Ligand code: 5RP
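First, one chain by itself in structure tokens, the form predicted on its own.
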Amino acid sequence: MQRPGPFSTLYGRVLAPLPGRAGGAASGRGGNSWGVPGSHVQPPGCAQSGTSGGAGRTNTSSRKANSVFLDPSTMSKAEEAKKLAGHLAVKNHVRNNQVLGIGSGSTIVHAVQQIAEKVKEENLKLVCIPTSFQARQLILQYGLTLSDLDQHPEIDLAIDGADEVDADLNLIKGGGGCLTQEKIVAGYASSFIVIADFRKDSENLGDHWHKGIPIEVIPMAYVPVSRAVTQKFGGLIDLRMAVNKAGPVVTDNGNFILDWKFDRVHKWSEVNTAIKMIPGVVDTGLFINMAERVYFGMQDGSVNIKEKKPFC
């Protein structure tokens, strides 16, 4: 039965994509900001100018954090690094008869390509669970077996990217707006592996990723949620605006995305729990104590592997 809304779904599957929706390539920035109680609230669609993100710089880069353009050589090295990380992760973890969770974003494309090659070469039998419309299309494009959590509620291995990874393997995810479905798939996986390039490796969250922590919210609650987060934890919040459509980005679940630009390092486990308890919040882009191993493709062609620290 088709439900009404900004787009239609059938058992969680998107039937018709909309331009500018999260999970696709066209997710934007800008919009409303909350910094202090009582600050002015603009209606959706009235994007403020001058907001730009700072992801994508190396540790040794002299560029400002909010630079929009990257040197072409850095971009090519980053893309090659993603490929290296994805290929090694697939080689080390993908086995026959697995149920795989397939993440979203640019990095996961390389992993799916390698999975498809491995299936063909080794005649593997795999079932793939997507985390977004984009992931679903990738699975179909490469001829892999598509399924869902209704049929396969237990996942053997989830592979996904990240916007930033700190020293404790805490993640910021959701730059592409797919955080809720990504967290669901990762949460039901026996093993969660992350692939990323060298730019995503940080000592603390926020060292390199300056676009904020995404928070998926029910549309009617985005103003009170924004105020509640900034009043409790400080920083600024933007309602993420679309690029090729008027108004906010809409997720695969029909919700809005808030980007919380925090101004200090927090105890992320406590912050994640507190934000999720705010009425109207669907989920956050904080993935705490979930990744067991992260593969970082490096500029020199190597892959740096970091593993979860054991509890004492």
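Each residue number is its position in the shown sequence, starting from 1. Small disclaimer: the values here were computed from a predicted structure and weren't measured.
Missing here is the form predicted together with this ligand; even so, the following discussion is about that form.
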Just one stretch in 215-223, 113-121, 168-176, 93-101 has heavy atoms within 4.5 Å of this ligand in the model of the complex, so which one is it?
168-176
Though this ligand is not shown, can you say which of 138, 162, 129, 89 has a heavy atom within 4.5 Å of it in the model of the complex?
162
The one option of 191, 106, 147, 204 with any heavy atom within 4.5 Å of this ligand in the model of the complex is 106
In the model of the complex, residues of 186-214 near this ligand [heavy atom within 4.5 Å]
200
